[in-house]
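Below you will find one chain, with nothing else, as structure tokens; this is the form predicted alone, and questions on how it binds or moves follow later.
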Amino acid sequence: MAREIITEKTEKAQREAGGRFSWTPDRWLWLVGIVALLIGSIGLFDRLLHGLRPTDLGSFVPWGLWVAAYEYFVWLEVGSLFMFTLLVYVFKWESLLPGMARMLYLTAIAILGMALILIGLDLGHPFRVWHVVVYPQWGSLMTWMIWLHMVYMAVLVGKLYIELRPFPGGERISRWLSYASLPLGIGLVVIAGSVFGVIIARPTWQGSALPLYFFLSALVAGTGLLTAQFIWFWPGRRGEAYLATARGLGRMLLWLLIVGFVASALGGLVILYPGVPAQAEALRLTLFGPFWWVYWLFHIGLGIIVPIVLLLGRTQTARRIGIAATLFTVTFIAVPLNIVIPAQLAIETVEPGLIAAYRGPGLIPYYFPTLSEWLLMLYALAFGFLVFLYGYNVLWLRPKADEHP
């Protein structure tokens, strides 16, 4: 009798608790994402109603925050999947990485959505993008970039569908889609770098090294994202296998970080040594211009020195590696910012007297993102964040500890 009374009280308490709304961490994340999306939508409406007038973009600086963020997102998306596919399917690396597949595909789609929102709205007429699909001009790099984006997204959706709805032979199809994503990813990043390289009016972007630099940046940034996601989201037992995988990713990130830093330093010296004004001035603005702190404090300090110190420590815990990878990945956005903006601010060096010769609303010789640009950036981030939350919590696209290559 007493046991029945206790059971009845327990069931009643559970029903009452289920009827009450409790603020779990997941619900807080949904609330933050929705509020950020609503606030960011102010920038979206401003862009759709007034075009590019609310921005600080003009004839001298037509590319700004949105283009830099687009490149950053493409690097993260392509680089993380490229390194994952290379390690798991090509090099057959013995690790726990295969279990991260579905989460990585979800993250890639969310990041790709953010990238396409920003680059689409950066165009003067984003709703005319269908012209590129229906009437492609294959001599244009923009055409190739848009088509590669569509094919790459189709590959991601296909791989994610196989993860959600397994079927006989699906694993083989997923493997071949992974192989196909390698040349597609390389082509997408290289063409994105080539778009900069063929802009004749920007001498700093000229040369064949920029596409290669973009590809190396994608590898480094993608490895940082892959390492951070594995360390913070792995659901299985965090024993020796987990620590071994984390340390392996940490060593890989350390070497790629050092190689990338040395390559960029050598590239800078090659520009500074001959002292060609049109090229050297853009680099001088990066190092000592009004936004010097983006390079020295945000990128070199927080993004290079601190992660290297953390990764070189004798006691390599997973948390230490995860902090280094997260810090590096977040601060890496300084790289595309320093590539895109300073090269366009060296106006007087490229065309002496041009600023004084012509004046008008779009002839702005400086650049700093306006509130409208930041709000649209917030909108894109919130959109990707909500897509990730939906896939992670609703579709249950989470890492699987029992997965094998």
Partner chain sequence: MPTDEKKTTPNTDVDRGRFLGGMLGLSGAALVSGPLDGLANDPEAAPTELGTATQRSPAFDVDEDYDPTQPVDVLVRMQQELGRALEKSTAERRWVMVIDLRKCVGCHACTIACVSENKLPPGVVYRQVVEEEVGTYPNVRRRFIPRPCLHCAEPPCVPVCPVNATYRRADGIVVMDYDRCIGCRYCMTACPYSSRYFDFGFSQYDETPTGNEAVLGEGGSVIELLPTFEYGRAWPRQREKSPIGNVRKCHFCMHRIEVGELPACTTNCIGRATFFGDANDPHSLVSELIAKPNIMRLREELGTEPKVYYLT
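Residue numbers count along the first chain shown, from 1. Predicted model, so just to flag it, every value in this text is computed and none were measured.
From this point on, the text means the form predicted together with the partner chain, which you will not see here.
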Among 156-164, 246-254, 139-147, 307-315, the stretch whose residues bring a heavy atom within 4.5 Å of the partner chain in the predicted bound form is 139-147
Candidate spot P98, V190 and R398, all three touching the partner chain in the predicted bound form (heavy atom, 4.5 Å): no
Contact between E281 and the partner chain in the predicted bound form at 4.5 Å, heavy atoms? no
So, in the predicted bound form, is W205 in contact with the partner chain at a 4.5 angstroms heavy atom limit? yes
Would you classify I339 as touching the partner chain in the predicted bound form, given a 4.5 Å non-hydrogen atom cut-off? no
Taking 4.5 angstroms as the cut-off for heavy atoms, does W28 touch the partner chain in the predicted bound form? no
To verify the annotation, which of these, L378, L44, I347, I34, has a non-hydrogen atom within 4.5 Å of the partner chain in the predicted bound form? I347
One residue of H131, R237, K92, R319 in contact with the partner chain, assessed in the predicted bound form (non-hydrogen atom, 4.5 angstroms): H131
Out of 352-374, which residues reach within 4.5 Å of the partner chain in the predicted bound form, heavy atoms considered? P352, G353, L354, A357, Y358, G360, P361, L363
